[in-house]
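We begin with a single chain expressed as structure tokens, specifically the form predicted on its own.
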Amino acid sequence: MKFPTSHFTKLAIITCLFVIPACNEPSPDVLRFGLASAPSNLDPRFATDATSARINRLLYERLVDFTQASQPVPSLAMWEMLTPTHYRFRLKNQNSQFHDGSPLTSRDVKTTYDFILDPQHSSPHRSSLKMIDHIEVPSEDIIDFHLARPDPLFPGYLIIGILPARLVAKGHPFHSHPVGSGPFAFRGRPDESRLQLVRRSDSQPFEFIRVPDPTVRALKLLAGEIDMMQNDLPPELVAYLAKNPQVHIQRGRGTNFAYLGFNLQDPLTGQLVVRQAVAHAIDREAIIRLVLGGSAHLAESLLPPDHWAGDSSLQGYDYNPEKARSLLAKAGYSQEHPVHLTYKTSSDPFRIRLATIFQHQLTQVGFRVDLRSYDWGTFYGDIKAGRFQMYSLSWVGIQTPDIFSYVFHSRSVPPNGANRGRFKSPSADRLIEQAEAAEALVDKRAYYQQLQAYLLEALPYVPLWYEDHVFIARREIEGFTLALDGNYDGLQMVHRSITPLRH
């Protein structure tokens, strides 16, 4: 099939070469990371966007982390299950300190989680921790979590960054001036496009710079104005950079889940037949092959099939434009009486390009699609507020199946969760609750697999693909390791091997 051809990359490169100085030399002491969008909230109690989550992992430590195989492992604390409803966590290092020099104790852990659990604070993470009945701190290094019901997956839910209790009590603005105990400390934010951190192990300064346009971001890399970046580049621009001897590229398989979301309360997108027609109208395989350069693989659920609760037997919606037309015809729609949809996306050029392809494919089967793009803040705000019919986004960093409760349970409509499409299904709620209540992992897995099959039928999302990762840096940048979920943890070891050449 043919896709709308884009010449923006070559044209922009030719144009920008005359605009951006070839050797605009920033200080070689600072390592600069280019971002497509700035972090919106540096408070882990409230942050939900991908960039904030990745930056917050650098700023704050967590009780628990995950292996590449999505298995929970101790981070700040070891744990033991004293009874099915009583988990004891013991801090591994009693000398842990926050960036302001104060010690990290069990009180800080309790304060952080008590804040999230308080409904008055409307934390979006409260729904995933609702099984906690109360928290006790018998000593400075022990935290006891008492649950309202047994849950063998419980340790994997404790991934919120820990904040200092004394600053929480004072109402400190963590969203703009974070204070954690992670490997990086906050240094400053001169403006909304620049975030300055310092690596604690060696005092190496870092700057995260928002450059929304991918071509300009690439040119700044070539000019030495940024040193590295990850993802958010069109494949042809990656291929262009790969030919430059000043640049090196790492690629890795990813688990970030891309999807089309719908407003289930809308008269049109609330109809299952309309959503099914959308699913059959999208040629996912061709887009992966021809547009994404093969750097993704098909998805049928939020969880990849090799996750312990995933399901490799799921059969998704094949590309079948005739079936899409037939579905619309049965619902009373035709070329003379088409379905008019508004589709929202971000202003990132590549996301607009993908949206234009979706628009083209949907038009071929009888839809009329009004494509609207917005800056990230406006777009994300609209999605959280339910101001959309259809949109596209990605879920990043999914490790535990409690994501289904957070995204699809009827009680998780914002601000109580991320059920942004207002999906309300007694069947989904029941399966989610049965999975949560099951005490044996084998039973949990069975319920979650039933749930995933049901969601594929009910179609609150059209699953698209799992996106691979690409890390692009100047040749003197070394030591970065890609993660399956695309986190920035590799910055803990990254360094500049030589002094950049000067002109």
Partner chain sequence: MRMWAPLGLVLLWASMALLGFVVPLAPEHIDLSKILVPGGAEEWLGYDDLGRPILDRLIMGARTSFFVAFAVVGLSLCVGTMIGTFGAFMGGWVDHALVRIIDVFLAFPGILLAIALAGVMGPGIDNVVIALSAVGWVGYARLSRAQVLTVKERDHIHAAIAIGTKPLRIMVRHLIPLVSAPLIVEASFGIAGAVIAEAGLSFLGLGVQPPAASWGSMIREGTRYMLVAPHLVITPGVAIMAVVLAINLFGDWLRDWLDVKDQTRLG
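Positions refer to the first chain, counted from 1. Please read these numbers as outputs of a predicted model, since none were measured by experiment.
Although it is not shown, the form predicted in complex with the partner chain is what the next lines describe.
Engineer: Pick from 393, 219, 91, 407: which has a non-hydrogen atom within 4.5 Å of the partner chain in the predicted complex?
Structural biologist: Checked against the cut-off, the match is 219.
Engineer: Within 4.5 Å of the partner chain in the predicted complex, heavy atoms considered, which of 361, 255, 263, 399?
Structural biologist: Only one listed residue qualifies here, and that residue is 361.
Engineer: Mark residue 215 yes when one of its heavy atoms lies within 4.5 Å of a heavy atom of the partner chain in the predicted complex, and no otherwise.
Structural biologist: Contact check for residue 215: yes, within 4.5 Å of the partner chain in the predicted complex.
Engineer: Closest heavy atom of residue 78 to the partner chain in the predicted complex, within 4.5 Å or not?
Structural biologist: The answer is no: residue 78 has no heavy atom within 4.5 Å of the partner chain.
Engineer: Is the gap between residue 206 and the partner chain in the predicted complex 4.5 Å or less for some heavy atom pair?
Structural biologist: Judged by the heavy-atom cut-off of 4.5 Å, residue 206 is well away from the partner chain in the predicted complex.
Engineer: Even though the partner isn't displayed, in the predicted complex is residue 353 close enough to the partner chain, meaning a heavy atom within 4.5 Å?
Structural biologist: Although the partner chain is absent here, residue 353 would touch it in the predicted complex, with heavy atoms inside 4.5 Å.
Engineer: Within 4.5 Å of the partner chain in the predicted complex, counting heavy atoms only, one of 103-111, 313-321, 342-350, 67-75 shows up; tell me which.
Structural biologist: The contacting stretch is 342-350.
Engineer: Along 223-262, which positions have a non-hydrogen atom within 4.5 Å of the partner chain in the predicted complex?
Structural biologist: Heavy-atom contacts to the partner chain in the predicted complex: 234, 236, 237, 240.
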